[in-house]
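Before any questions on how it binds or moves, here is one chain, the form predicted on its own, in structure tokens.
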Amino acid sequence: MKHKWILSLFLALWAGVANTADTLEVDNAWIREAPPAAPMLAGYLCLENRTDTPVTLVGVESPLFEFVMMHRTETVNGMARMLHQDKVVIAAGKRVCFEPGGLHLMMPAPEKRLLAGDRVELDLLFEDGTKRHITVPVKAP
């Protein structure tokens, strides 16, 4: 009987955690095809939080890249600069887009150049420990 109670508790907790990443709508995800000698690639996507609590994205990983960073482009006095973002909060019922000129993903160019039509595996990592696996197309600029 004790084992059933522990199993039930574990399943209830696991179900609550596993659902967090699944409650987000992910769309318009893509990686920009870069020129042959480009040292970095940029990626974009939109996240819509369909819950009544904030969701916090704390990172992105891919087996294809050594690292993936979240950046925000900011223009001050006519000069654009990129600011590293440790996390991005998607407020309850709101949508956040990573897009050219704003929030975006930066990743070092892989050994094999990515071309339009290629697909890249990404894992979106959330503050509560959940992750969301997505496949992202590479598109020409």
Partner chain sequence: MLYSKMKSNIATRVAGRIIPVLAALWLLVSCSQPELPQLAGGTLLPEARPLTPFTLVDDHNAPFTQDSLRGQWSFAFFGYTHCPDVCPNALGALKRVETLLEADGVTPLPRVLFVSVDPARDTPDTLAGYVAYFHPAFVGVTGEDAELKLLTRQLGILYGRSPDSSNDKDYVVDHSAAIILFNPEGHYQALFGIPHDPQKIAADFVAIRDWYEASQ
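Please read these numbers as outputs of a predicted model, since none were measured by experiment. Positions refer to the first chain, counted from 1.
Below, we turn to the form predicted in complex with its partner chain, even though it does not appear here.
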Q. Which one of Leu64, Ile90, Ala34, Cys46 is close to its partner chain in the predicted complex, taking close to mean a heavy atom within 4.5 Å?
A. Ala34
Q) Would Gly101 sit within 4.5 Å of its partner chain in the predicted complex, counting heavy atoms only? A) yes
Q: Determine whether any heavy atom of Thr51 comes within 4.5 Å of a heavy atom of its partner chain in the predicted complex, and answer yes or no.
A: no
Q: May I ask you to check whether Val55 falls inside a 4.5 Å heavy atom distance of its partner chain in the predicted complex?
A: no
Q. Is Lys94 a contact residue for its partner chain in the predicted complex, using a 4.5 Å heavy atom cut-off?
A. no
Q | Interface residues of 82-97 toward its partner chain, as seen in the predicted complex [heavy atoms, 4.5 Å] | A | Met82, Leu83, His84
